[in-house]
Ligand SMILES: C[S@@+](CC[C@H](N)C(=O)[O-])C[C@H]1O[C@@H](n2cnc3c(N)ncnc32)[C@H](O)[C@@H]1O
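The form predicted alone is given below as one chain in structure tokens.
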Amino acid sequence: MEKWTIQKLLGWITDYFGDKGVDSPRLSGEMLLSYVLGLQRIELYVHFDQVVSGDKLKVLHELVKRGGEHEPVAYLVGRTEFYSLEIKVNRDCLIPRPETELLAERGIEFLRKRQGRQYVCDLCTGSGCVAVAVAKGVKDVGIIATDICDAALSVAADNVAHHEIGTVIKLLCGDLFAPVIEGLDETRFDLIISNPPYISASEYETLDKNVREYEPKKALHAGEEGLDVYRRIIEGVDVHLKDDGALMLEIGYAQGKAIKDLLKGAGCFSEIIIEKDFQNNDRVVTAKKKI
């Protein structure tokens, strides 16, 4: 009977995923092997010659088959990495993207330059990845994270508990600012941050199969132009943002001008900066409120 070592399996999975057009085939293979074997990714290379047992091969075979059909590997293993943090995910929430790390990074940088306790509102929190990253990256901070989807908030709650930051992040279920209640919650924030749904109707139909068929549509699609949620965030931001605070949004690659126009129309911002991601696409907009 043929013996399958970790090294041999990783090579085979990488080739299989490559032939099937799976994104990042080697990384995907490492994630599946790590999950099935109960090892860290780096440990795979320490134990390259370890022979994998038949029962684990059977589990691995089924997962590789599903991965080859473009079911996202992050959903198969129930976790992903974001800003060097383990984030739990399932099909109730969007899988955090590397591009979104730029949003979290800019938020952390902004808050670290300020004095005293900082208050943050994370809208459309989903898995809670941005809120968790900010909570881990800023010393004295209080975060309210909202989402309209109760199932997604359940995932966020798992991540908050996993990283032991329940005293820092308060999760509220509701539409954008609606669940933030005067007298019960902080209602004016130093930073309002969001990675909202922003895919237009036409773009949604062209999304890759692994996104369109598996990730929640309500976390992606935002009307004909993809601007519906941005409009509602900007409408409510003046009331909830401190005079020297900032609004930070992740945006689509072709939405820079439209978002800038919406922010200018709000009339409450002194500075609007659009930053590109590592693929040279518009990705993060920072709007600083007038003092």
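Each residue number is its position in the shown sequence, starting from 1. Remember, predicted model here, so these are calculated numbers, not experimental data.
Separately, the form predicted together with the named molecule exists; it is not shown, and the next lines address it.
Name the stretch: of 143-151, 184-192, 200-208, 109-117, exactly one has residues whose heavy atoms fall within 4.5 Å of the named molecule in the model of the complex.
Among the listed stretches, the partner-contacting one is 143-151.
Whether 100, 129 and 176 jointly form a contact site for the named molecule in the model of the complex is the question; each needs a heavy atom within 4.5 Å.
Verified in the model of the complex; spot residues all in contact, yes.
Which pick from 162, 212, 218, 91 sits with a heavy atom within 4.5 Å of the named molecule in the model of the complex?
Among 162, 212, 218, 91, a heavy atom within 4.5 Å of the named molecule in the model of the complex occurs only for 218.
Given that the named molecule is left out here, which of 65, 232, 56, 242 has a heavy atom within 4.5 Å of it in the model of the complex?
Looking at the other structure, the residue within range turns out to be 232.
My question is simply whether residue 72 lines the interface with the named molecule in the model of the complex - judged by any non-hydrogen atom within 4.5 Å.
So residue 72 does not count as contacting the named molecule.
Taking any heavy atom pair closer than or equal to 4.5 Å as contact, tell me whether residue 104 reaches the named molecule in the model of the complex.
So residue 104 does not count as contacting the named molecule.
How about residue 124: is it within 4.5 Å of the named molecule in the model of the complex, going by heavy atoms?
Output for residue 124 is yes: heavy atoms within 4.5 Å of the named molecule.
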